[in-house]
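First, one chain by itself in structure tokens, the form predicted alone.
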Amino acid sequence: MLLSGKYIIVTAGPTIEPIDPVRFLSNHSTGKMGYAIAGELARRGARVALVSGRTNLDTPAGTERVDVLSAEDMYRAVMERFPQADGAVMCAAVADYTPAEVSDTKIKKQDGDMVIRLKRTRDIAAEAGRVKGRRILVGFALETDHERENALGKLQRKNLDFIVLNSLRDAGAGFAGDTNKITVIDAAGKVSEYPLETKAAAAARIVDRMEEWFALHE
């Protein structure tokens, strides 16, 4: 098998950005797509480090699960392992911003509005793309408008080998469900559209493309 013995990092799920000991900022990701990819890679013989935000999912057989909470936690977990890896699939819904100050105590309700100042998080995929060398790097783009334009820009900026595009305009795609409708765009500009199918089937298509990449680059 082409993936036998390959060490692949997969990120999955949401990140949690604390405001105080009680509250946080997050998103609707359940981790299902990333877990499906991790499981498919493991079934094809890869060694998989599944760097996961908080989910309710069982760990796929044959994977090493690394639990994280914040975007910074995920950044450190990925970059610690990336030098030893043969590639990475960046499927997690990582927060772009995090509170600039985190209160040590619960923030009490007061009269009037409250403003939370946010700062940028470190871009995990972009940093991996900067240092990737001959590794494969797969990204994801979940978009609501200008889908292909935004995905292509992300592909190029982050030095990805291909990007998997989902659109929230497509019924049955996106967060929480068991189905997805993906479009894969590679660094050469090839666009492959796939029908609505289970996330397990979509994961198999993505791993097929990874096997094709390894066949061409070894």
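Nothing here was measured: the structure is a model prediction, and the numbers come from that model. Position 1 is the first residue in the sequence shown; the rest follow in order.
A second form of this protein, the form predicted in complex with a small molecule, is not displayed here; the remarks below concern that form.
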Q: Could you tell me which stretch in 57 to 65, 183 to 191, 34 to 42, 152 to 160 has residues with non-hydrogen atoms within 4.5 Å of the small molecule in the model of the complex?
A: 152 to 160
(Q) Since the partner isn't included here, can you check whether the small molecule sits close to all of Ala95, Thr121 and Gly139 in the model of the complex (heavy atom within 4.5 Å for each)? (A) yes
(Q) Check Ala88 for me: does it contact the small molecule in the model of the complex (non-hydrogen atoms, 4.5 angstroms)? (A) no
